[in-house]
Structure formats: structure tokens, C-alpha cells
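The C-alpha cells that follow cover one protein chain in two forms, given apart as structure 1 and structure 2.
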Structure 1
């Protein structure tokens, strides 16, 4: 397997670094493009160009036409973005509709692989891997950060990939649990570092406050237990919640996730928390606002969080000297592990963009804004001298009147709301230094703790043919839905875990083994092709 994996990585790097026939026949598509565009170059179109873009509008920082982001972007690049604005809550559905109908804007951001897969067979989105010679910054980061194996996980059966992912220098774990630290101090307890220690902590909290659920979680909609199951599954050596896949790589083969002994052990642990009154059963159905209201009222002491939730959502809610902090990412039976992926949500390019006279300029622009160090710094921090400055060491500092994630609470303006920077449509990926640059001291300590954990292995590619994908689609959703449904029943005690064997038989009857056989067949075929 090591030889095969190395061959696949070599293939991906070769593809990333070389030219392809598709990308060389572009003489009619170079209007506005730079004649010489290389690593470190500031992209600026040779004539003004307007590109349309699908835009996910976040309610916490709703889009404004007069943002400095838009003005400065045009000033630096000669590109004007025309956003097709969609509420974040409807974004996935709207994106599917416009892409399937062939009406998508040229730039389609916030695509979490494998969300691009349904659009491949129809030809609605561009095989971006054919045009990487137009994107020197993207290629450079793949090579420099040794991301070949990660990129390979995006490849379809034709060997191409259709989404340009956000690229991180290192594995980044943002989500963890937030715990009322004043209560820990009251009980004489340190922050838990394992799931078993969390169990002990919750029992101590329950003993002190018997009428409460110590742990009541958020992120239940649309994926019940989205973050909770994602985190604990990793600790148990499987997948769940936001990270759930019907197939999990066990080091030798893909296996059916919902039937894994590790998956059962995870559900058993969560069931114990619910049965002992430590985990609120509504954690899997309530809205985020309901979960936050319980925290604000002191009815709960533990909740899922990320760095921004902690500062923006939770701390302003607490009263009477209550304090809360993000605890270390909890370890479990799988050890001190973290995820493997250094890819983030990315960008699809509409297939119709290929026929535009400005196609080369489009790819250069995307490369600069999303993948160059300068473009990433701009999208995240804004304009030096206006939103931030640099000290003698090069450290970025928000200007006195600007706040972001609580770094400058006296600021009267907000980097996202008032200027449009650090928004989810543009600012993701980059160096670890850039990632850490907006973190508080406590978040930097959390990230330092994550750096000592071991990344789980990258699963091998297993791209399906169009015919296999059509068959797999008939099996995947019913399998996932049934695993989700029965997982909640096991956790909440609505189904006895003594029925596990019967449940596995039910998964088998829903074509679980056939699906896994299909995936492993695809894995073997791809490996054989790329020896």
C-alpha cells in the first residue's frame, strides 16, 4: 500500500505542476489576463472586468454594497464582483438549483467536498485540475505543503477534480467544547482532557446542580449532534456527525461506519451520559438559540464551541461573574488524535466560464485572491493603515477603532460587519501564521495543544464511475438516514443497545455491504491505474 500511495501522490503533483492540453488552447480566452503572472505577483487585469459570483450571506455580518472590501478589491485587481446574494440558510439548496439549471455564476464558493460530485456528470462545473498551470500560487502551496495525497481525495473517476479547496499549511481544529470555568473552580476540578474525564466532570456538576443538565449542546440542525458526534467519533476511531461517511478507512479497507465496533462504543458512551442525566436529550433537536438560552440562564454548563462562538455568542450572555473557556480537544480510545484534512471548503467554477474571453483572467484572479499570501492577508485583515497596522516584528494589529473576535473590544467598528473582511466567502486557508494571527492568546494555546496530537491517516481515493455513482446514490442516503435515526434512538435509550446485531442486519438489508464493496472496488481500481 505504501508504494501505491506514493505513486498516487506523485501523480497528483505531476498533474498539479504540468500543463494539460485543455489549458494550452486558450488564445481566444485571454482578454484582460496578465501576460506574465507568477508566484508573488499582484494580479491586476489589463482592463476592467466584472465577474459574477454566488454569495452566501451570513446574518451576523450581512452584505453591504459600500464595504471597503469591494472597493479595495477592484482597486487592486481591476475586477468587480457582482454577487448573487443568497441567505446562508438557503445557500446549499439554491446552489444546487442554479448549478443544475446551468444558471450558476462563474464563481461558486463555499463548496465542501464532496458536494461538487453531483454536478460532475452533467458537465455543469469545470474540471479545474485541467487549468492549474494558470494558478501558480495554488500549485506552489500544494507542492510546498505536500498536499498531494489530500488533493487526490478530491479526484473523480476520470482522475480530475472539480473543486478548488481552501488549503491549510497544517491540520486546523477549531471546534471543541466550552465549559463554565467558574464552576470547575468551585468544584476544585481541572479542565477535562479525555471523554472519560468529561464524564467524571459532568457527574460532579450534576451532583452540585441536580436539577440541571450539565451538558446541553447546539449544532443540531440540520445534522443532529453535528459537532458532538464529529468530535467524539474521531476520538473513538470512526466518523460521525458533520464528518460522517458511510465508509470509514480502517487502514486496510473501507468498512461500513454504522456497523463498526468503534461506532457502537461511541453510542454506548453517549447513551450513558443521557441515561445519567448528564447530557440533555434535546441536544440533538434544539436550535442554537435554545441551546444558548439555556447557557445564559445557567441551566447548562457545557456546550460546543469554536473560537468565534466563545467570544461572540457565549461570553456576552454570562452574568454574575460567570466565566467560560474552550477546553482542549478531548482524547479517547483512539488516543491523542486529530483529523487528517488540511483542505477546507472551496470554489467551483461554472463550466460556461471556459468559453468566456476573460477565462484566463478569471483563473488568475481566483488564484491571487484565494491562494496567494497577499490575497489571503487582504481577505482576512483588510487594508493596512485603515483596518490594521504592523509592528516592528511584522505582527498585525487591528486599528484602535476596529474590533474582530474580541481582540479590540473598545473598537466602534467591526472588521466583518463594517468593512467586509474575514467573511466566509473569501477568507479561508493559508499559512499557520496567518491563521493564528487573529487568535487570542487562549486560542493560540488551544492550537498549540492541537499541534502535539497525531493526524489520522489520509484515506485513499476511491472515485466512482458515473454508473457506480448513480447506484451509490440510491444506497448512500437511505443508509446515512437510517444510521442517523437509529444512532439517536440508541443514544436516547429509545432502542436497547442489546439489539445491536439486529441493527447491523438491518444495515446489511439496506445494501450496506454492497455499498462498501463498490467503494473498495473503486479504491483498488484507482490504485491499480496509478501504480
Structure 2
């Protein structure tokens, strides 16, 4: 009896040994992989291979099977991708379903961290950090662009990360405010550079057009003030809007965002704008179309924007010599700062890919397509001579018949719709040079302005254990909802800012401090473990 028990233990130990240091033994998984695949190498599988991939189908450039992208990809890499097409509208739901059902394709793109976290415990997704040796370009860019600390924020409690993010050389801030420049000129004002200057500008606009709100914002759904609060919170040294987290890193510790003095200062400022009739109270509830309609009718003069909105949404709407432009990202009490993140959404690899005989080839392929300079240029610009050409200085120019983001309005074919390049599933991240390559001159000037600002520090990783996460989930959503709800009441004047202390007490009653303690505990634990 004893002997049997002993042999069972021994057996389980053996199997445990066999399965744990997975990264070392890849002999069974090298079919089709390149012998020597190094930085700068063009990946090409030694035999034709097919990989399946989840594909988020964008309504503006619906997938076509005859795209040049697919043909050229196969020609260059010997890899054929079989896409599982999912409408972008419900991509996340289908992704959860197929991953949970154990039926996920090998490549799962467009994962916005921390969306990968729920899949970690089930073991359905691959701890990609174990296999970085197969990905020289990825490793190279992390090192070259000093992204180590940023990557650490992706690490789970086991010290591994499960998503391969898009990597940027510099912080890329696309969103800012758009202002009617003809009105600025009429009033003899320069574009504001700080939030206080914006206040002055809005007052001058209000004096000239007393019947309307000069500033009416969009991006209210699903996060009220998504962009506005995100930007201004950064300028005040806290988080808000799209970037809201219950915890904010203050340099030494995580603190409760909604109770920060900086957060109060930000709300006070926004309340002033509303109270003085400068900011439309509907900014936090209206749809984008409503906000655009007000801008089109000339009722409002300032609105949130990104580079695309400006060209596609606003300019075509304005008439009678009205002009609009993106203004520099506004500074605030926290100084000339910008966000820290240089990571974008990324790719998960299905755990069952590890069993495939083509696993090594898969990782090499992903590394080449998503992280090598050649792969990124291919995904974004296409094929030299067909979709674009290079001039003597190496600047890429779209071929005359190809249009993209309004760079070639007379082009009859579209880089995304007709060729499949620059699509959200394949093209992201990259060098600043590559990023800027499709920008208009005015957008390049905006980015130039951004490059002079300093990034706020990267918060340290604080991954929770499964149990802690369960507890945290119970606290997080009510906290966030309450902060959002009360923030709007403070801004709109439905609640007096004199009641701030009472509000902080309410946050405490909603387990705010307990949550922060949990996060700080996780942070120190992770730091101790990974010294």
C-alpha cells in the first residue's frame, strides 16, 4: 500500500517536472521554425503553415479575403492566417466565450490590459513572458526603449505576463481639445497653453457670445467626461475619465483617487467653468452626435478631439470660413506633464498553442509581424511600389491612387478598405518615425509639442492574488461608480464642495482605505518577491 502511494507521489512529481519548465524543452515544437532567427531577419517558415486568429472586424473596413495583405503576408512568411471574424461591436464578448470554452484561436489580438487577467487563473492563455527568447525583436525593443518598468505593470501575481502589448518608442497622446481658431483670431487671443489660460479664453468667448456655452464636450458615454476628465486629471496630478483608477500612484504609495486634494482641486476648477456658464452641463451626458451638432451650428466653440475627429468630423461640418484646430495638450498644477504609458493593446496566445508542433514558428511569426521594423512597416504601409514608395530621403509617400486618412483625397483605392493595411488587428506600436509617417504636418507639430513634456512616473506593479482580486472586485465597482456620480454632482453644482469632508467619509465607508491597503500590500509583496 505504502509503495503504491509512494509511486503515485513519484509519478505526480515526474509529471509536474515534465510540465513546469515548459520553456526549456521545445524540441517537439520546432516544425516550420527557422533555425537562426535573429534581429533584422525576415521570418519565413520552412514549410507552409496555417494559424488561426481571432479577428475584430471593423465596420469601416470590413474584412475581404482578397486583400493584398493576406497574399503578401503568405508570400513573405509562408504563413497563412485563418481569421475567425468577429464584429468589432461585440468582440470582447466573443473573445471571452471562445477562450472560456477552450476553443480559442492561437492568436488573440486587441486585448486591452487588464482584460487578460480573468483568463489567467483558468490557464487558457499562455504566459508569454516564459517564451521571450523566441522573440528577439520584442526583447530588443523593450531594452532599447527602456520599457522594462512598463512591462512590469502587466505582470500577474506569479510574476509572469500574459499579453504581448503594442510597444511605442515615445508616449503617444492623440487626444486634446479642438478650438475654433477663427474665433480666437477675432478675439485677438492665442491658443491657450494651460487650463487657467483656457478659463480666460472661455470667458472672453462667453463675453462675445453670451447666449451660448463656449465649451460643450463629447465622449460622455460610457464614461462621463471620458477625455476631458482624463486630460485635466493628468494636469492636476490625479486620474479621471478614461484613465480613472481607484488608486493613484503619488510617488511613494498608492492613494485613494477620489479623496486626493488634487482631485478636489480639479473638481473645483470644473465647477467654476460650469457655474460661470462656460462649460455646457450636458457635456457629461450627451451623445457625440449631439455635441457635434452644437459645434456645427456654431453654438459651441471648444470640443474634445483626436487627429481623426478633427479631419473627419469637425472640419466638414463647419461653414462660412469657420476654422478649427487641435490645441496643445494643456498644462496644469502638476506642470508640463503627459501620461506614462507606451504600451498599447496587445495579443494573447492561446495556451494550447504550446502543444502545437509549430509553436516556435508561431512565436517567431508573431515577433516578426508585430515587433520587427519590417513587419510593422508592412502592416502599416503595405508593399513598396504597390501602395507606397519612398523618396530620396526615405520618406514614405502613398501611391497616387491610394488614399488613407485624407492624405490622398483623390485616390480611388483605400489603404485599409481595399488592401487591408493599417488595420487595427495588425498595425500598432512602433517607432515615432513610423507613427508620425501617416500624420499631417499639423499633427506632427502637435506631437512635437508633446515630446517636450515629461512623463509622469510609471506606477509599480501590484498584482493581486485570486482571493484578493475577488475581494477587490467587490469593492472596486461601487467605489468607482460612487466617485463618478459624486464628481458629476460636485462639477454641476448639485452638491456643494463644502461637503467634501462628508464625501470623503462616504468613500471610507465604501471600503476605500481597505482597498488601498490591499493594493499597497500587493505592491510591497511583489517588490519583495522580485528583488
Partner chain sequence: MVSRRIFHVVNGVILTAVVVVTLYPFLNIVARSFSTEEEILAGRVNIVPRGFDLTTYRLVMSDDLFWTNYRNTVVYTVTATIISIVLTTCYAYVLSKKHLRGRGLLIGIAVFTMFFSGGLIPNYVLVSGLGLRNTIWAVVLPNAINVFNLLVMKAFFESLPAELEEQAAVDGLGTYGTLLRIVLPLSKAVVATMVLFYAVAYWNSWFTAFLYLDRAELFPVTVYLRNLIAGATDATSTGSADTDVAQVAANIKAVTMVLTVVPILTVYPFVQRYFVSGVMLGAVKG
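Just so it is clear, the structure is predicted and the values come from calculations on it, not from any experiment. Numbering follows the first chain given and starts at 1.
Both panels show the same chain in isolation, but it is structure 2 that comes from the form predicted in complex with the partner chain. Of the two rigid parts that describe the chain's movement between structures 1 and 2, a single one contains both residue 28 and residue 139. A rigid-body turn of 10° separates the smaller part from the larger between structures 1 and 2.
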